[in-house]
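Next up, structure tokens for two forms of one chain, structure 1 and then structure 2.
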Structure 1
Amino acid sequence: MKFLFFILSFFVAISSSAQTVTLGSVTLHVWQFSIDEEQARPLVAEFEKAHPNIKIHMQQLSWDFGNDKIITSLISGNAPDVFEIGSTWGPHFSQSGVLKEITQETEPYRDRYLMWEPVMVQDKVYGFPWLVGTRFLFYNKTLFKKAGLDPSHPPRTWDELLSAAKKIKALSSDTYGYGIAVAEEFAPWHTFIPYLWNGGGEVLSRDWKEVTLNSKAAYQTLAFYQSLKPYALLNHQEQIDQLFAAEKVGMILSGAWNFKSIQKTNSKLEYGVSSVPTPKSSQLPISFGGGEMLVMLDKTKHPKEAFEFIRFLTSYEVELHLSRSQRNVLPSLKAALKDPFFEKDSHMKGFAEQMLTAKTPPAHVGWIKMEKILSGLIDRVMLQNESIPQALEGTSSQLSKILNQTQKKGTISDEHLTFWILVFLVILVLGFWFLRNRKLPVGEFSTWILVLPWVGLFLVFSLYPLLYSLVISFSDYNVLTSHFSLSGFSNYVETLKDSEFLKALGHTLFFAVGTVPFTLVISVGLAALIHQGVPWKSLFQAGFFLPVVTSVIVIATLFTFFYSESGFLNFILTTLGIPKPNPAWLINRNWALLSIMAMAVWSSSGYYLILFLAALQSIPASLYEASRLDGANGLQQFFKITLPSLKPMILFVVVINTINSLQVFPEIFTMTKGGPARSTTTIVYYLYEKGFSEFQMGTASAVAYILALLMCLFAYFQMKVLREKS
């Protein structure tokens, strides 16, 4: 009894001491994209000084995969108290129930800040606009002078823009009047929609019930946009921006990040900024607005402190400070936009003025999907030369489909998912144990010691995730609402019926069939040549492997550079007098996938070469000696001895390489994001879009299982064919 009392008091002591710690100070976890850590440190210190009871743990996310991190942590219930989301994600997050409603708290600030629409559902507010931005016209004053245009008078109307573009294009063959962003997810529609709005067009009706894109206004806008094409550079926004900085492009519609990058790459560039040209000169220009929102987790334990911190980040001083030091964002606070700071800097002033007339796209839940389709519209007209009415018609019907989709809401909370999977696992193991073939020995003790460490890891880190995704693939699972309902085979059926999926499947198969044989022949051939003895053998052994040393992401970045309009490949072709494709490789529908495939062969051959070199070591040298005595030449030796001995390794490499090729993703993600016109969308890229930007984990899991089935089929036939030969 005494003992029990002792234990009890011990626990009481522990729990009470723990409580005093939490009472003493509150730790807030904050994830954001916009400020780098060096800049964040003094801000956090300032806040902590003013609020000694609050500790801020701030983490910076990368733009590339930051959203994946937020989603993964939301699903597993490990999300931060405060985080940043882009305005296009606002509607989805606001309606999902993961965000805290802060309608009352934000009441006093509603009129003083811009851009609440993305975080509002009817009249409820789920976030706080933080840093905002817009698109505006950059023009090169030097090129204007050269082309006989007035550098102090940027084009105000569409006609003026067109004639200026013509004159600048006429300067030389590698100078362009204007830059049109194509073959991406976002930039093409960001830079087109201001023209659409100024031309009187709208994508959706006011109540978001109808698609109004197929209109006369949209037709006229697109016709104007298309008329710029002969004088324009068609490329990714990033490339256009760089070539603007390099004085190759006269005018671009782009964002404020250019201030900093121009400063860095070509500080002597003389350029001005202006508003988006409008059809008529008397019109007040409308620009496109987007921004970053600060939101709070619904489950946060410290809502008061979290809001306190949001208010700190959105205060006049902090917003202005960030805008001043970064020069690529603007404060969402209207008063801060009129700060004297903006008067002094002509570029920033132009930027701030645009912001006040900026308009945000419809805050519809489906906008995440719609924006990609809108970018596709630009590709259709600019790259595929589809007629404008046809492109508008097709795009509108795609948009309507999304508009008519209803949000399904699950009924079962995913909290119990793990438990059920564990139960399932135990039943599986027990069932297997009783049904096992009794004649087979359980295995020696030493055998189990050999495999036990692995079996443990395998159950936890392989089997559990497999079962988890299997269960998910049979359900409707919206990762944001964290609820699901079983839906049978509908994910599988819908995926197989989706024409986008079938296209992605086609691209993936083409990729695998086009790379695996080449990689095999190159790696076996080179390995055999090196093995049979050349001078500097070790140089070759090491040299061919080196490309493998760098990560896929680095290689993909390197090749983006290599394949760009003014990149090395085009440079070589021009020098040799071979015509280069127009538009350049990665934004050319016919060349993009092939370019990535060539890179894949280049970067993976060395990898398999090493495998073959190792396998060649196990061929006894005596075999070669014997055949040499029989008078066999090198070629005969290769076919009679080397190839047959390498057979197990060849089988292995073919199977592994096929599996890897069918899963191609980082290359696509880094180089083309599935474009142009979705011509490089592969299965895993499709899956990634479904799971992490449309939040349909169930569909994504079903796609993964379809893919795995496909791989099994491939592997089975490869094993069969290659084994039969022997």
Structure 2
Amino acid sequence: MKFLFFILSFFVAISSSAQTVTLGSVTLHVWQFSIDEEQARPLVAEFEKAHPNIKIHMQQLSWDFGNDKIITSLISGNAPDVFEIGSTWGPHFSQSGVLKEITQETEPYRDRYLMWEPVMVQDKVYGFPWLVGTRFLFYNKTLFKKAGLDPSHPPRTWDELLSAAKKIKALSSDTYGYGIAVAEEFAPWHTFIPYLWNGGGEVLSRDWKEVTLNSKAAYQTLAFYQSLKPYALLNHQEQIDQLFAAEKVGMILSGAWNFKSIQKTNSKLEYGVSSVPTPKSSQLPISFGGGEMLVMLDKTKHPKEAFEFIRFLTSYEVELHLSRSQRNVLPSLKAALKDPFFEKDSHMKGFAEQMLTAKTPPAHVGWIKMEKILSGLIDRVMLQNESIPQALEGTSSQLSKILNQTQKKGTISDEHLTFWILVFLVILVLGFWFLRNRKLPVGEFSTWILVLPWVGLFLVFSLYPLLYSLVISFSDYNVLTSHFSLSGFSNYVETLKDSEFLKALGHTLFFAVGTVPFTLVISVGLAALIHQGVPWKSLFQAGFFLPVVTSVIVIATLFTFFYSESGFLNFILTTLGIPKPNPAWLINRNWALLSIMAMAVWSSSGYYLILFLAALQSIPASLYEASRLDGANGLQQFFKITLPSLKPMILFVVVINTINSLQVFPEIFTMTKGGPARSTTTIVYYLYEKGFSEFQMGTASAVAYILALLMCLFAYFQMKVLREKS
């Protein structure tokens, strides 16, 4: 699928072009998430000093978009030599065929490092564990004292945790005993699965052939989790962490990134860390273990040098240095975890002790899909108040479908498809040429010469991707290997049968129907007021148009804080004595989509206001003068002159706004990630998940064509109805 990502890969190539060899030296391109530039620079310099023939070009990726960039680079053939992947991505990458097997090279180190499972496939190794982390209990010592609890004895059992949460919640209405992550893709299952494991439950059987989630142990764990709800804050993990630092939440299950954030936001906070509470005090506390893996591209020209750099990054000194300096990761090297450094710092000591009993989730290739379903289970029970048996049964059914899916090995390469599409385009152009069946006059020939560049760009960048994606929509496409096999209409059939797609379709239509009329009325009304000459006219125009020239991502980020538990909107409601929603706006499945719709209306009205203002200014003033002579008032003028004159612009705005609304994505991606409980998942976000999270590019292409057909139908009927009325 290389050509579809040509433009993006061009920029990728600039930042990390293919390996360069000059005068015997080797340049390795390395992408990683965990080290910032300040720390990376001296490490690279140290390695290059010890290896004069190797030059390292290291680039830091963001967790938000890094996975997309890695996939894009693999598709475009511009992938780095060495890159970092998360442990939950490991199974999919390891079984994709794009990573280099390093079983023999890692044999001497197998017993010395933690967490090999995510990069192992049938005893073959495709990566090296680097840095690891886990979830553990943070508790506020100040709130413990106020609630009459002993701050030197954090809760060790479920009963003690529930009792402590009750006492802390009783302190005040805006204080919470515990924090429960909801309405996200990963945090909910990260913080729930340790309780499931400690309660004796499992998601899959040991051989990964059966879903074992629907069990008595899982029921009891969810029942305990539900018992915490009256005393807990339900929110995104980031909000929970912030409110813990603000002394509004007594206990949270979270990660070591809080060490730095607490130091920045509330350095005087008295808090401690402890292991995950268990049903019985005699149990060994198990927590979720995740990590960062360093992998090599199978096609790298310098495997020895690449492995040498991996060994440098995974050495005792480097791993311990990163753990000391960053204080949010731990070494994967077991010996480094026993370094005296961890005995001196009580917080890091608790972190390291919990890591020694941490457990990784099943290294199944479908886990990357399963984890979202597990997070959905928490939302169903905690936000939708669905009965536990029903939620477990439904979740188990979804997991079973993924477990029973088989990965088809593609037989047709990307290059073959490109070749045949190019052949088709050449035949199409020649056929068009010969169908004219006459000699071109000189003038027309020169015209063709002038439009030839545009025609070429259209064929290459518009028609080619269109045909390519159309073929892909009828196939099972492996996005990492760029091979596929034809599957007929199965992608379309499965998509239309998928309940998640139908929900996304419903949300999208609701978004369009709910935003287009309001945007139309507001923009027409504001344009009419400004046209009448309100005071500070230019200021009003600039103010309403400002959101249009501001990035949607920026606006969505601002509104995320605006809608948060401690945000400005809740502050206003509290000040006025109006009850605020519980949970907060973007966590509440009844309000989340409506909140995003309100933001969309506000941010887009300014653009249509300018269009209507231009249309109003084109209406002849003589019409208004004549109507005044006939005794028409302002309201009659609006409905008899203004509105009829605006009908062509209304038609344009309605069609364009509907198309934009059906394609809503950045707002969803930034604010809710499709949550809570999938209540804000739209078609384009569903498409994104299928293509870039689940790597089902064939299904994603089918969704794109279904959406294109839907937009065409909407545009056709809108134009037909509005034209008939005009």
Partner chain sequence: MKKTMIFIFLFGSLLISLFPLYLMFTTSLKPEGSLLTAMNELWPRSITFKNYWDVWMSGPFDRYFLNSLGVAFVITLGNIFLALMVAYAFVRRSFVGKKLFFGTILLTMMMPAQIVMVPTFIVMKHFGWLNTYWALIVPSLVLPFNVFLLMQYLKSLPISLEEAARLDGASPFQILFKIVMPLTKPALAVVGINTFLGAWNTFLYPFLLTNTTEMRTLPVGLALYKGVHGVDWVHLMAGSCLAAGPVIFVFLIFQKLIIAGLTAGAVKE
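So that the term is clear: the rigid core is the largest set of C-alpha atoms that superpose within 1.5 Å between two forms. The structure displayed is predicted, hence computed values, not measured ones. Here, a residue number simply tells you its place in the sequence of structure 1, counted from 1.
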Since only one of the two is the form predicted together with the partner chain, can you say which one?
-> 1
2 Å or more on the CA of residue 640 between the two structures, with the rigid core superposed, yes or no?
-> yes
If we fit on the core, is the Cα of residue 561 displaced 2 Å or more between the two structures?
-> no
When you overlay the rigid core, is the Cα of residue 243 off by 2 Å or more between the two structures?
-> no
Once both forms share the same rigid core frame, by what distance in Å has the CA of residue 649 shifted between the two structures?
-> 2.5
Supposing the core is put in the same place in both forms, how far has the CA of residue 454 shifted between the two structures, in Å?
-> 4.0
